[in-house]
Each structure stands twice: as C-alpha cells, then as structure tokens.
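The chain below stands alone and is given as structure tokens, in the form predicted on its own.
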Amino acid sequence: MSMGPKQAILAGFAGVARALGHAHRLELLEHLGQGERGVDALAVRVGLSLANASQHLQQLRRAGLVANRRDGKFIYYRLADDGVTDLLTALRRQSERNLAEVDRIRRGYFADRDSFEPVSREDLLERVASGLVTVLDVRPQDEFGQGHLPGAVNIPLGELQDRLAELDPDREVIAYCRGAYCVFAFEAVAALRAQGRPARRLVDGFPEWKAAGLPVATSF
C-alpha cells in the first residue's frame, strides 16, 4: 500500500529524527555550527576515523541537515542553514526539561563550574554598546576567523593563563565558545574568577548568536 501525503511527510520527519539519533552526528553538527569544515578536520575534532566521519556526514546530508561542496580531492561540509541550529537548541531544551540524566549532568558538571546566571544576548548587546565589558571568544583561532561576535577578543582556552595581561582587569569579561554546553567557556570563567577577575559567560554560543540574526564579524 502506497503512503498518503501525510504519511509521506511524517516519514520525512522520521528521517531527520533518525539522522539526529547519534551523539557523533550531533557533535559534528556542533562543529559545523562554527563554520565550514573539511571531512579530515571534522574527523580529528570528533575523534573518528575518516571513513566513519564520512558515513555520519552523508547521513546528515541525506536528511537535509548539512550541505557539501567539492574542491579538487577535498570535500567540505557546512550546515544547511541556521534552522539546524534552532532545531538543536529545541532538542537541548526538551532534553533538559524531561531527561533526568541530562539534568543531573548539567547540574553536576556545568553548574559546579559556573553557578552564576549567564548573560543573555540582549543584555550582552546593551553592555557592549555601553563599553562595559570585554567579550572573550575562547574557541580555536581558525573557528574565530570564520565568524565571531563583533569586537570579541580571541584567546583560546589553552592560552588564557599566559595572556591574562591582554584583558582589562577593571572590565567584566563575558566568555563564549561553541554552544551552551561547550566546556571552554565554563573553564575560562572559572579560571578568570580564580584570578579575581569579574567574569560570566554568554547563555549559549556563536552558532545560536548567528542563528538569531545578530551581527557577526570575520577575520578572513
């Protein structure tokens, strides 16, 4: 029996849900939220073999979540659009509300490192306009180059202790990285507070900022 139009649409929805149903694919999407990446680079960052990374990316492409392009022998992937970030945000919020294990890890690992209320995007825009804060991007330099919050200072987390002198000690630092659960921002805030520096983190990360249609700068 052939499917009716409603069943066909629901089957399409199910295909997207299946594509999201693997932790490695969700992590690949998080990295692609920072900008376009080659398969080799993605495999290294997620800790997969090249073949496994390619298989996961092909499933995401078939579900319409990512797009790709070929440049000679190399294939580069990117998010299909900012709606993918919105979808991941909705998945995160639903899981936080209804999955006890997610909430336990969130409260145990993340809240232990930063119990302060994070700064909203709207609040950050106001503070930046008033010149009250330093915006700190703690992602790797290549991710910063592809896109970042305007006026942000890029100090990757591993370099933070050696480059504290670059941050005005009298201004509050607002740190951000790849997303709401990117540990870089949590660790940066904890390290800054340990040095007596006023610091908080942005409520989420660069992909969510970009998906909200807020200003983005690049270094390329």
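Values in this document were obtained by computation on a predicted structure and should not be read as measured data. Numbering starts at 1 and runs along the sequence shown.
Unshown form predicted in complex with another copy of the chain; subsequent notes refer to it.
Here the marked residues L26, L99 and F110 all reach another copy of the chain in the model of the complex, each with a heavy atom within 4.5 angstroms.
Taking the partner from elsewhere, D81 is found to have a heavy atom lying within 4.5 Å of another copy of the chain in the model of the complex.
In the model of the complex, at least one heavy atom of Q94 sits within 4.5 Å of another copy of the chain. Mapping the unseen interface onto this chain, A129 falls outside it, with no heavy atom inside 4.5 Å of another copy of the chain in the model of the complex. Within this chain, I75 is remote from the site of another copy of the chain in the model of the complex, having no heavy atom within 4.5 Å. Stretch-level contact check against another copy of the chain in the model of the complex with heavy atoms at 4.5 Å: of 131-139, 116-124, 84-92, 146-154, the positive one is 84-92. In terms of contact with another copy of the chain in the model of the complex, the residue from G158, G38, P169, G64 that brings a heavy atom within 4.5 Å is G64. Taking a 4.5 Å heavy atom cutoff to another copy of the chain in the model of the complex, the contacting residues in 20-45 are L20, G21, H22, A23, L26, E27, E30.
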